[in-house]
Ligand code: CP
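One chain follows as structure tokens, the form predicted alone.
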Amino acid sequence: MQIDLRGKDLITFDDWSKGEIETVLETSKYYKILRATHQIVEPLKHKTLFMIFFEQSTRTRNSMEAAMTQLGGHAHDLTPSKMQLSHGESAKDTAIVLSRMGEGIAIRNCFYNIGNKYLNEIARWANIPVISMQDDVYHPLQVIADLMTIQEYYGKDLRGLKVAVVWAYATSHAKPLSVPQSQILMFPRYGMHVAVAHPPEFPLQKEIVEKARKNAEENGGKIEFVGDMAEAVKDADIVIPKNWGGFAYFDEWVDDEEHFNEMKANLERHKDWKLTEEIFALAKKDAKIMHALPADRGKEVVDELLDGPHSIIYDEAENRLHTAKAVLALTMGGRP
């Protein structure tokens, strides 16, 4: 079956079929081989991607820009301060104008209860593919790299593989829900057993959890939620320690000092939620540690684990480049 992804938006892989996801994974492997053998192909030669960042980025910004360069195209690194967005330009006007000038729009906007809505409004008016570089609900570019990395270590048949997605203490910033939410949606579609652990004040969004349960039921996966990190980690093949903010704890989120003070107070109650060597020892002997990075070292997880033999965090980070190439080439230009 031939799958044509030209012009397709990527806001969440939950809107993509398994066949479409497999096409991205196979294309990612192809680009990884090309890079390893120093071969150059340029399916996006002279094509332009507009990248709009409302927040900071290391892996996403550089993987996307490097991908465009290596595919023969060019990425514009934009921020609201460089655009008329800072003066209130509408999503409609931005989308239509950029569609007249380039071949793709990629956006990172993680502001809670704003980002995903903004991406969908851009996609509504753009007639070129719109790619989420992370919003407040989803992070598709991270989860596809995660899936590629897991398959590299465990093969294509991931049925029964246990992945522990565990909330962890961090103070760098109130991290979005989008990484764990994308993981609990994607992993059960491949038959994986996902064990999620978090304190009661740091849940994931109810509608995402419900969809994840449905994905597990339809694809032979399993998803469970527990209130203890050690319980989730026990007998796991992969452990992913990850902080996320308590945004979903509030039925109606208002961006004000009172809510942030409450979230900070809740955070400080759970400093003991840290992946240590003692807790990781409960996982399988050959278990792997993954993390989307940046990690709050010594808070989310101890350095001995991140830098130890079980860590595959840099393989995971590298695969952001190869999967970015696949997504861009397929949506902006067609199969290479």
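Values in this document were obtained by computation on a predicted structure and should not be read as measured data. Note that residue numbering follows the sequence shown and begins at 1.
Not on display, but discussed next: the form predicted together with phosphoric acid mono(formamide)ester.
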message: Only one of these stretches, 273 to 281, 306 to 314, 57 to 65, 23 to 31, has heavy atoms within 4.5 Å of phosphoric acid mono(formamide)ester in the predicted bound form; which one is it?
response: 57 to 65
- prompt: Arg320: heavy atom within 4.5 Å of phosphoric acid mono(formamide)ester in the predicted bound form?
  reply: yes
- prompt: Is His139 a contact residue for phosphoric acid mono(formamide)ester in the predicted bound form, using a 4.5 Å heavy atom cut-off?
  reply: yes
Pro294: touches phosphoric acid mono(formamide)ester in the predicted bound form, heavy atom cutoff 4.5 angstroms: yes
- prompt: Does at least one non-hydrogen atom of Arg189 fall within 4.5 angstroms of phosphoric acid mono(formamide)ester in the predicted bound form?
  reply: no
Those residues of 86 to 116 which, in the predicted bound form, come within 4.5 Å of phosphoric acid mono(formamide)ester by heavy atom: Arg108
